[in-house]
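One chain comes next, on its own, written as structure tokens: the form predicted on its own.
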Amino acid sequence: MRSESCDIFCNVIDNYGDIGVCWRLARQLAHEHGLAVRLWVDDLGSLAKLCPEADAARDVQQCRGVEVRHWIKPFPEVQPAKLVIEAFACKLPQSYLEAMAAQQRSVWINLEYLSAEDWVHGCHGLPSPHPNLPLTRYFFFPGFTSQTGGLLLECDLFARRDAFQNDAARQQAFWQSFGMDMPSAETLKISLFGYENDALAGLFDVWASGAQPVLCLVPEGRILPQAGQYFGATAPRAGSSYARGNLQVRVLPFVEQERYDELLWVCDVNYVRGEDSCVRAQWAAKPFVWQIYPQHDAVHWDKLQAFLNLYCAPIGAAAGQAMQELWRAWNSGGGAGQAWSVFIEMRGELELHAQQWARQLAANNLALNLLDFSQKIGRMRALKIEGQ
């Protein structure tokens, strides 16, 4: 166990993606590695959606072993932690930077966005001296290869996943908690978490007209109004249920992180968006479809293709092509229905690959790598000070 302190700073920009990653990292550093973690977040309401016991009205509180602080202005006078994580280049408060410079005890890391692009390998771990203060920030890139910082993975996640998937009673309880019976074995179960997407209607058409029953579970979120519009519903909400042909759509409440994992585990195919849910879908070891966060300069297409190249490399050409075509169609907003028909025929091969992929990625743990990296930087700085 370690006794170091850690400050994580999170500026909520993309709904729940930024805070989702930071909250998951904060809990893992506290629970598995014994760090005293403070999570500074500017939008406590977003955290409360992921952690129901969090109180959006309280500026200071303890939640699941993590001290949660409201990031407000002016920033309070506090002693900087030994490990300082600036999530996604969110800009630390000036007073905090000055306190770090005065104490010269903190390792300052900028936790970057997830990417499979090759250039990440050359940038991971690079130092960036502050222009005015005697401080150095280090870039830490999550990723899918050993040349990156890896991915967030709790030490017991696979064991919990496998136990859940082998326990019919727990699965039945999961379905009943949402007011549903366990679906029949022949029903294809799909979770649909996404941004707004013009491809949705075509996808629903294919599911509704197909030979196999489809149960689509839609958590509350940005794509929900379009899902309701397809069925002529003006105000879809948690608990709403719609049907057309062989398609049944059920609206779920926005669930906390642990329950979202269970949702991914009970489904056969998972549609995910952004960064955090994309990683969790990979740990679920099921075929999945990723809607990457769209950027105005269209650079997200390069990021999407970089991941597809990496993920599809070990699988057969037909399965890889089917996956790439569906992902491109879903992210471009058209043609996803037609691409789905080919994709689902490859489900067996894609599920086997998903299982192998998850096992492969598990060897590169972000939290462990982050702590090892920070200790290395700390030792280097101590040696430099001794040599002066």
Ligand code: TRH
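Just so it is clear, the structure is predicted and the values come from calculations on it, not from any experiment. So that there is no doubt, residue numbering starts at 1 and follows the sequence shown.
There is another form of the same protein, the form predicted in complex with the ligand; it is not shown, and what comes next is about it.
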| query | finding |
| --- | --- |
| Of 183, 150, 219, 236, the one that lies within 4.5 Å of the ligand in the predicted bound form (heavy atoms) | 219 |
| Sole residue of 80, 274, 228, 143 within 4.5 Å of the ligand in the predicted bound form, by heavy atom | 274 |
| The ligand contact in the predicted bound form: residue 16, any heavy atom under 4.5 Å | yes |
| The ligand contact in the predicted bound form: residue 254, any heavy atom under 4.5 Å | yes |
| Contact flag, residue 63 vs the ligand in the predicted bound form, heavy atom cut 4.5 Å | no |
| In the predicted bound form, residue 75 touching the ligand (heavy atom, 4.5 Å) | no |
| The ligand in the predicted bound form: contacting segment from 189-197, 204-212, 95-103, 162-170, heavy atom within 4.5 Å | 189-197 |
| Partner contacts for 36-54, taking the ligand in the predicted bound form and a 4.5 Å heavy atom cut-off | 50 |
